[in-house]
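Shown below, as structure tokens, is a lone chain in the form predicted on its own; questions about how it binds or moves come after it.
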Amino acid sequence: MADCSAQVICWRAAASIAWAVLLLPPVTAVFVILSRFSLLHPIHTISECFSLLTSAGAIFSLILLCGVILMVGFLNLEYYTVIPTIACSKIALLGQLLHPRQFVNSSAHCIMGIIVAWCCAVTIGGRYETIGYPCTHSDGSTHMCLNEYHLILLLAGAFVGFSHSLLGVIHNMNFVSFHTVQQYKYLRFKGSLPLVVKCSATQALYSVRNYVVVYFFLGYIPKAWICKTLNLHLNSSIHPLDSIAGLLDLSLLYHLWISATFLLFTWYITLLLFRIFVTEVYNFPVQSSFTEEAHQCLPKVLTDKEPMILKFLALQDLALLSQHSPSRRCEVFSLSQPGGHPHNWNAISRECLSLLADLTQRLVAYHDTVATNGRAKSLSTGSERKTSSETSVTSGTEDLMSPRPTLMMKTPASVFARSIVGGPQSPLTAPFTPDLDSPFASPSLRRLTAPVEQCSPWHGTVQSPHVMRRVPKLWSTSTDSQANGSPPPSPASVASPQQQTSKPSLLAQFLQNRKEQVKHFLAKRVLIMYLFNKLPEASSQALFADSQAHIWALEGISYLIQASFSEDQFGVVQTALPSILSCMLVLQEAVDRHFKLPHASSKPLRSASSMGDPTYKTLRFALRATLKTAIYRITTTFGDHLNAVQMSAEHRKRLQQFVEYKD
């Protein structure tokens, strides 16, 4: 698989970098014209720019810029991801910004920003060209003085590079999304070019504004360090630039802005080309006659975890072939010789059902922790009891997913890490619910998330997002006692947990009291609460961060089932139809429950002023629509034939609503 990865991904990244390098000369020429253009002498300016572009200094600057483009392309290849890392709180986002890996990335962008700014200073020329110049003091001596115009341009490049790296984390610019509408690379590049220009100019404007403010207050620090290091002097006869008079220079502000725009534009062009080339459709062979090429076939690539980009490309190819390629669909429905086994269909359907079952389990675990009205279900009942839907999907998909574990595809561990603070009775999922043992959990939240007593009328499995069914008995009946035929124990005879546990020592009580005091003290601090409070929609976005894979799995398997009605000569698909329908219906129920949560149904605002791709914020809506469409696609194709499919009464009733178009 490593060879296939190098062949598919690395060559595409290299092609994107090559195109970025080829586009660098015309972009540089435009920058030179804009930075040196004069309305009073246009012809003279154009001839001067042409002579400048053919000079030795411009060629050397172009070579340095090519090296920067290569480095940017390498960082894009190193840091890209198809599953975004979503911070569910301010402190989590701060942790991402302060991560050592991000520190290396920011340092590299600062160095590259200085190199690009130096090239811009040499290209603009004039007062920006050198770091030092000879000046005469009042006593008649000649010294080398600091050229602050050159310094402020270099520091601006470092500041813009650092800001770009931080915004990349905040806006998930390393996230690579796949477009729903397939276009040629040239058309995608042409359509995205105005957005790149707009984002570069806008971000450069804000970066220069912030940089001017920072330089006004802290500009004396780098000036003093540079003068001491390079043995330069300050010319007292001119205004320093870290003053209001020095910064109110329209020509200086314009050159800072045009240089920052040029820097960001070259980097964004490299990023755009990388996204276009990496996400281009790749056709995997469904089956191969040669053993050494078996690892490159679609069923094999689908089952591999790494690299994740190949898995996404394979799922994209599956969704496309199931819709538009009858010849490749025949290979999926074919039987192996000798033996007559549908290995291709079994591998593809097993992986698709594994992905759907994984998402269902995540949703069920989330719903068992956070109730729709703010309560958290007690895991002592939720983990021991299963609804009929969960039981049916487990039994229905067992035959397809028995050779390997169900949880094949996970979102990053940092996103869906399980918190063990709550103990075995209430394992909370970290990004979705606040840590009840943290010093920042309010008393009201602890009351809402307290375990439900077994004698409570709310005890039992939640049947509806809004209606809680009361248990018809005064106390719950033990499963073991029912199985043995013995009567349930009386509530008076059952020892309470407080009676069974030993009394803690005085030292443990003292430490616990001090811990609670620290919690209450920190909980009253506004800044602490601001950092540790959960972001409203981040939990839902993190839950569906990898849903593009589930969308393709739903499209691929539903289109294959639709085509099997007339193309499946051996009936290999119909044998798995009960399991597939059960898996989809259970996922539909879990998704419907999730969208009844407070923040799940509100669509975030789309920001058009950033190169960060915000599509991950609306993946849950796309998944819900795709899931419902996939079920309708199957019911419309098979119609009354679905009455012969074996499934539970609850699923049959649910499926009948789709058949009658009542859902």
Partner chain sequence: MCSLALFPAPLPDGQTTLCESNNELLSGSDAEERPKQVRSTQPQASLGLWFDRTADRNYQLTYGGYVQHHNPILLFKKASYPELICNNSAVSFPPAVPKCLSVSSGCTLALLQWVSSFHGSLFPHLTVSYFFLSDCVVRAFAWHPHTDKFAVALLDDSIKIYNPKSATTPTLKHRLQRSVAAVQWKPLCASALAVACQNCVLVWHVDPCSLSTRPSSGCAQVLSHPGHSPVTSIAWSPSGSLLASASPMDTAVMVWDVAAESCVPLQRVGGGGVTFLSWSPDGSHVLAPTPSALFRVWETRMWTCERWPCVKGRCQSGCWSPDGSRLLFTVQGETVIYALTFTDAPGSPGISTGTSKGPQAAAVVADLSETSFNTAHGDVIVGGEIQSLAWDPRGERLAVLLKGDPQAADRPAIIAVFKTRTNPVFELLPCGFVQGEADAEPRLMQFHPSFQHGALLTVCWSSGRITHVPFYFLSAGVPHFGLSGSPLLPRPQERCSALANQSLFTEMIS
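Treat the numbers as computed from the prediction; the structure is a model and nothing was measured. Numbering follows the first chain given and starts at 1.
Below, we refer to the form predicted in complex with the partner chain, which is not included among the displayed structures.
Trainee: Pick from Phe60, Phe595, Tyr632, Phe37: which residue has any heavy atom within 4.5 angstroms of the partner chain in the model of the complex?
Mentor: Partner contact (heavy atom, 4.5 Å) among the options: Tyr632.
Trainee: Between the options Thr136, Ser325, Ser243, Gln517, which residue brings a heavy atom to within 4.5 Å of the partner chain in the model of the complex?
Mentor: Of the listed residues, the single hit is Ser325.
Trainee: So in the model of the complex, is the partner chain close enough to Ser336 to count as touching (4.5 Å, heavy atoms)?
Mentor: No, Ser336 is distant from the partner.
Trainee: Even though the partner chain is not shown here, does Phe50 get within 4.5 Å of it in the model of the complex, heavy atoms only?
Mentor: The answer is no: Phe50 has no heavy atom within 4.5 Å of the partner chain.
Trainee: Would you please decide whether Asn105 lies within 4.5 angstroms of the partner chain in the model of the complex, comparing each non-hydrogen atom pair?
Mentor: So Asn105 does not count as contacting the partner chain.
Trainee: State yes or no: in the model of the complex, is some non-hydrogen atom of Gln183 no more than 4.5 angstroms from a non-hydrogen atom of the partner chain?
Mentor: Residue-level check for Gln183: yes, a contact with the partner chain.
Trainee: Thinking of the partner chain in the model of the complex, which stretch from 65 to 73, 52 to 60, 27 to 35, 633 to 641 has heavy atoms inside 4.5 Å of it?
Mentor: In short, 633 to 641.
Trainee: Is the partner chain in the model of the complex near all of Ala18, Gln96 and Glu537, within 4.5 Å of a heavy atom of each?
Mentor: No, because Ala18, Gln96 and Glu537 lack any heavy atom that approaches the partner chain to within 4.5 Å in the model of the complex.
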